[in-house]
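The chain that follows stands alone, in the form predicted alone, written as structure tokens.
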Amino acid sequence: MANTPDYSWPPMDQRKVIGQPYKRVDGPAKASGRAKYSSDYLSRDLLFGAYQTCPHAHARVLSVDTSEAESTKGVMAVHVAAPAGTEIQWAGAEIAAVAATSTEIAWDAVRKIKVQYEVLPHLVNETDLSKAGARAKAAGERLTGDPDKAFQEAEVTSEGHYGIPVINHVCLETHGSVTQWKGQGDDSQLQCWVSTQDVTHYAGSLAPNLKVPAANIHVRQDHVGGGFGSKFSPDAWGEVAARLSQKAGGRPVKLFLDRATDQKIAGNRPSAYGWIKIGGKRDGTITAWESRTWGTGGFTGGGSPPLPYIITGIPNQRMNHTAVSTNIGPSRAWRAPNNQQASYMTCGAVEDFAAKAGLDPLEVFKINARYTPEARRDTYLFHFDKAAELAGWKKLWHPRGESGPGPMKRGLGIGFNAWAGLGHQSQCRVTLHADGSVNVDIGTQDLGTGTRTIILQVAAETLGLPIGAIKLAIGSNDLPPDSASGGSTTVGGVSSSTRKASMNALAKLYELAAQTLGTTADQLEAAEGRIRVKGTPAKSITWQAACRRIPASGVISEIGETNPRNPMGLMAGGVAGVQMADVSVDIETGVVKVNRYVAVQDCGLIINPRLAESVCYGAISQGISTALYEQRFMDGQTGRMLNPNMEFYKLAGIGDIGDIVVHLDIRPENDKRGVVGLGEPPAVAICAAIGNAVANAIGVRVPNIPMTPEHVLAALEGRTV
């Protein structure tokens, strides 16, 4: 194309579709049950898969006897995933799988598989670092400035213990796929209906182990029942489903993990425990930080949380972190990896420092905003004040221990967040037909966040058409490639590529329409279903009339590509956010109730404020669940998870959430940055804000999340659990 179109977003006051709170286009299908997830897939010849898993946290497989299972009527295939000699590092690891004509037959056959193990020593609990022994691997000390001198000169010092446990993803649709294998050798073709966060690259990840060309693997997904960072790769179950289908003569095999196995092995967010000491001035300025932390995400240990979180510019720091190798299922990304842990520990330590100094923690957070990254420093200061206004901080906050008479104590707490959120690599294809119809094709996925709606809004805004006039195709790897939905990168990526593809197609249409309107293509614009001359809206033709100029034998089909290295002003990375929790605590029962939760979030250009607020509501709901309830219990003696279910692995219900107030910071200076991802940052600060609110309410720090009655009462009694 001779002249590159101006891809810039329309000014705020000129947008017609972008910025409007459209409801999700897939809402009716989901609300009515018509939306089909991969785990809903059924066909006449479908086989059902089931796993034999290891009951031991650490063991070596001595033998696997599948003969009785293979001879069971209705069993069509058996595959051994862990043959003799395999060392197993966590309970629930996959040993063998069966495909049968019914779920009942498959599970009956699984129980007939005989496995002998050599049981080996294990470690599944990391809360007491002294018991980790050789499983503890120190990362080495990180030193900035002179913390020893800074602590000697400090006017106020505080120290405390803080802990946040391993939690599970608990996706409502468990991990798995339906896979059908056809053909042999290089001619082999696989059809995969998967629950994944990465439709485009699933085939490339699966192909090497199966020795099948990636181009021969077709991946399809219409809807996914949750991922939160745990559903990127095909995993072992993707390969095993394909092997079972191959052995069963090409019949499709449905292999989704049962709930218990999913809870054990399909991903967790690592824990973080530690001791933190802060020193500073009487006015609240922090001058020194020291921390000794540890945690685990499974057998490979766990990475160090980014401490001190956000206030990274504290001049004097000493940090030591130890990764603990445990025999539990492996960790996976969980909605802002490592940020929740760091926010909880940092904000808790700052709140305790403020209490020790006898200061309002809001003022302490604000005075130490000097240590935040300069690009978002003013944003944090604005957010602290805005959140305080919405939470009624001046009216409701009180010093610790001054909650008034009676057993019900009320408190307020602060937490903050950050995230990058720059959009990912993406390609979109927009096709205009001679009859005026429009197709938008992009190989992305909608995790339930409204990606379909976002893409259609961008295309509709650009083409000057209603959303209903555009047909969208996503969720297949034969569409233009997109990237994984992770790291809050999707909306930035797909909105930019859709904008570019739409503008590229429109430029071609302008060239055709210009002849009719007696002007040049650069003088045309698309609006309200018409192609018109800029500044002379009466001089126009309908969209259909313009499209009729497309030769009958062809179409206008253009690609738009997002390149994160050159965002062209359409997207950016880096956001800030401040949250405040208002809680009530019954000091007789230890029960914590969230009254109100306020989130102020920096977010760049907002394509759909309804969906943006919804993302925040979901993030906060998840965080409240973690802060109050979520905890996996591991039996140190047997090495098994004691609550791998949704009965005793507690999640918050709608009645536990309280009132949520979301303020999206869409001031012009933020809007002009372009689209910034919003999936992760509002999920970060909840444990921090609630933990601090509980401390404010009852007068003492409850060191470990979740804020269960057991933990609250123990803190009130001065004991640890």
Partner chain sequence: MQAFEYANPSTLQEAVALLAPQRGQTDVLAGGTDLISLMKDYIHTPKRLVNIKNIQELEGIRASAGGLRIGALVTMDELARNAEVRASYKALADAAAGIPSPQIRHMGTVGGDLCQRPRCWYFRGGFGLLATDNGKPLVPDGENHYHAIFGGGPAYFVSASSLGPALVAMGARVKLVSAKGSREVAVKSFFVAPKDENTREIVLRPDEILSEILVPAPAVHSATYEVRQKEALDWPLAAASVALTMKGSVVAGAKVVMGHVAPIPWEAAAAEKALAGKTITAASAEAAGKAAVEDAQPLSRNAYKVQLASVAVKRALLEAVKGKA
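Residue numbers count along the first chain shown, from 1. If you're wondering where the values come from, they're calculated on a predicted model, not measured in any experiment.
We do not show the form predicted in complex with its partner chain, though everything after this point is about it.
For the options K366, R111, K356, R548, the one in contact with its partner chain in the predicted bound form, meaning a heavy atom within 4.5 Å, is R111. Among the residues K650, R220, R370, R610, the one placing a heavy atom within 4.5 Å of its partner chain in the predicted bound form is K650.
Between 83-91, 624-632, 318-326, 370-378, the stretch whose residues reach within 4.5 angstroms of its partner chain in the predicted bound form through a non-hydrogen atom is 624-632. The shortest heavy atom separation between N125 and its partner chain in the predicted bound form is within 4.5 Å. In the predicted bound form, none of the heavy atoms of P21 sits within 4.5 Å of a heavy atom of its partner chain.
In the predicted bound form, no heavy atom of T101 sits within 4.5 Å of its partner chain. Although the partner is absent here, T638 is a contact residue: one of its heavy atoms lies within 4.5 angstroms of its partner chain in the predicted bound form.
With contact defined as any non-hydrogen atom lying within 4.5 angstroms of its partner chain in the predicted bound form, the stretch 180-208 contains no contacting residue.
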